[in-house]
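Single chain ahead, by itself, as structure tokens, in the form predicted on its own.
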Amino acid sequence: MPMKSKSFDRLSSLLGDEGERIWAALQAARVYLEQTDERDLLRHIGKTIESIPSAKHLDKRLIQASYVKGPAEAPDDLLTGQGLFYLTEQRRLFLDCTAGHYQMTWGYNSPELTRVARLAMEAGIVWDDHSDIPGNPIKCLAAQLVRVAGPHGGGPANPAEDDGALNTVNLGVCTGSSAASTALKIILKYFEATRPGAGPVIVTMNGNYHGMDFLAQRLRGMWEKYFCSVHVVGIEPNDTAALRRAFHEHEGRVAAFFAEPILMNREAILLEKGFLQEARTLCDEADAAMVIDEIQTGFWRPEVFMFHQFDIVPDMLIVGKGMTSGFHPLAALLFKRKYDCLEQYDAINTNGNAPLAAMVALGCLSLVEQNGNRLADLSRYYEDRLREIPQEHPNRVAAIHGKGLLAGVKFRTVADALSFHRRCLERGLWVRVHAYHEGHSTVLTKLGLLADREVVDVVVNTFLDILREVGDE
């Protein structure tokens, strides 16, 4: 018999003593976001929406200090969101310019993907399952990922037989961190089999971010004293001479080259085509795995994966974040068949191979491909508009970084970047700022794929208005 629970008759009871107030605020906020035209929402960002009842802020001192800087009387924590917009517990309306934590491809509570999830459950597709009996959605998603990672215009009829294709997929990992960790495990296993006794060297970009795994954090400079046999060589992005030196100085020991097309943890620096093509050549000569990390860039472009624009084929491709649009963590590692060397349980997560998440991923992929022309146009338009900023304010803004909807406004001083960030939040634009490492002074954006030219104009015009005000001070 189905399990019964009186408490589930009213979901507000699950939210504690303040559940009724929180529930009332949630329902009113949802109705407001769903029934208000986008133009009206854009006109009201930064304002308090008085028609929504207030929800008492719950004490968050139990949450770790790295996320909570201390208790506050009235913080602007999230209440609910819809599309590109969200409302806070203080009823302030924000335009989210970073797609949640860079992962909500189609915004908050996408109606299309919510419908996919509901219909899938009604059809009997389960939330999760055992990793060694993958459901049909997992197998279908693997095939679709191989397809979009293949050459444009069609590749071999049977990619499984093509040694040069990304034709093997691990979907048993639930986060990008786990997918990157799997890539590292494969690299070490392959290196050990082909060059026993040698100490592996991994070449990567200074400012990389390949996840929270212990070894992945070593790639960005952490935990050095605990590693004695794996050597990491960090080079500056787009420094081709340094890249060649790294491969030459460690000849016979280079196991892999890791890179993100856009370093969102390094002020949205875009890697250059010639740099990555040289890396491809050097990896081929050294039998080193070329690993392209598209946790950030994947599913954010008309061609789905950004590596295509560099005219290269990596040996491994890491995918995460935007694949399920924030619904449920599901990541993937695509790689060439020769690297299929791990044992069954060497690289799986409890929540990997989740059929329901795979259905949402298939829906997300379909939306990206259906909107390809619009996304290409929107990306060009955003780039063009952003270029107006350093042209008008060259004394404060040094450059525009990134590509398409993944962009950074590089300021000449940290103080200007921090001030600009604060003013954006005051006006209801949720952006992030890189100012916590020496030399970092960039405000970051990653617009969700629901954005249109009107949203772009509001964002860029607000940026320009803020800089004009600062210029008058």
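Keep in mind that this is a model prediction, so the values were computed, not measured. Don't overthink the numbering: it's just position in the shown sequence, from 1.
Missing here is the form predicted in complex with a small molecule; even so, the following discussion is about that form.
With the partner removed from view, the residue among T175, T80, S131, N109 that has a non-hydrogen atom within 4.5 Å of the small molecule in the model of the complex turns out to be T175. Note on contacts: among Y381, Y209, F94, F275, the single residue with a heavy atom within 4.5 Å of the small molecule in the model of the complex is Y209.
The stretch from 139-147, 247-255, 260-268, 113-121 that comes within 4.5 Å of the small molecule in the model of the complex, counting heavy atoms only, is 260-268. Although the partner is absent here, K321 is a contact residue: one of its heavy atoms lies within 4.5 angstroms of the small molecule in the model of the complex. Among residues of the shown chain, I295 is one whose heavy atoms approach the small molecule to within 4.5 Å in the model of the complex.
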